[in-house]
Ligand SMILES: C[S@@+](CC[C@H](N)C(=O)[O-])C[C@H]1O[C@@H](n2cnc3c(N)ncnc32)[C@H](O)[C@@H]1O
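Here you get one chain, nothing else, as structure tokens; it is the form predicted on its own.
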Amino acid sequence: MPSVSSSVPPATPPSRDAVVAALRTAGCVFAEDEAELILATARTPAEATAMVEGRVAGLPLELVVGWAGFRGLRIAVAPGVFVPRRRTEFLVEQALERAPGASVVVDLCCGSGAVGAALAAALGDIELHAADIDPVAVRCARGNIAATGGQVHQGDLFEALPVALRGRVNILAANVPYVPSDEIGLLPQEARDHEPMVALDGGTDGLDVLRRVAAEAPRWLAPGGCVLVETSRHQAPAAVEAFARAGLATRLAVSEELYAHVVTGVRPQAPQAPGPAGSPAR
């Protein structure tokens, strides 16, 4: 693989053609687009050279430039943190459709905090909480949602959240790991080598964490509040069943364009109290 540093002094910006050639040789399918992004992001010629060398060595592009695009936002990412995918934007869209006036939002299994940051950007003034079991992810998420005034907590699923949130959450977005354990080896090398297993491995059938979220979510949702998870096409029926068993009104939404499947569960509204004897309830 060519190295741009061998022929370009660090004080001289690498040319676009040289960067494209290096990326193409390394097997980057979108070499032209990546070259433009690297050259636009680098603050110095030396940094541009280092970025190209990192990409040629196999680093994911998002880790090379230090951020990932997500619903028009630049989400900072760091080594060892799950990189948000474009298909997860569909989860955000479904959340906004189900609860457009939400005031209390939780981003569970938050990773970089991309989902929480996107919901805050769309909803405006909300109470935002995010949580992850991985301390590296928690540090990254804190930087991404700092401007929203949100709080990021470390711990295992709901154990990380303040007890005061029980029964108050309008949107509970949980981008849980859902790759079956024996399929981890089939993932692209960038994911296998650079993202934490805790953010990928969903157990034997990929639904271990999803089932835990479904079982516990009703205790945290406000009446009419919704919990949303991303899953795969072949896992969707079992995911819907898990939500239904938890007493949630369940819906599956599919985006063919993004190849995204989102299961939504809504906590039923509290039953209306009857009016006085002889008069109708209002």
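Everything quoted here is computed from the prediction, not taken from an experiment. When you see a residue number, it is the position in the sequence shown, counting from 1.
If you look for the form predicted together with the ligand, you will not find it shown, but the lines that follow are about it.
When you look in the predicted complex, the only residue of Ala199, Ile145, Leu207, Ile126 with a non-hydrogen atom within 4.5 Å of the ligand is Ala199. The single contact residue among Gly155, Gly185, Pro79, Gly72, judged by any heavy atom lying within 4.5 Å of the ligand in the predicted complex, is Gly155. The closest heavy atom approach of Asn175 to the ligand in the predicted complex falls within 4.5 Å. Among heavy atoms of Asn170, none comes within 4.5 Å of the ligand in the predicted complex. Interface residue remark: Cys140 is not counted as part of the site for the ligand in the predicted complex, having no heavy atom within 4.5 Å. Among residues of the shown chain, Ala191 is not one whose heavy atoms approach the ligand to within 4.5 Å in the predicted complex. Only one listed stretch (118-126, 162-170, 96-104, 83-91) carries heavy atoms within 4.5 Å of the ligand in the predicted complex, and that stretch is 83-91.
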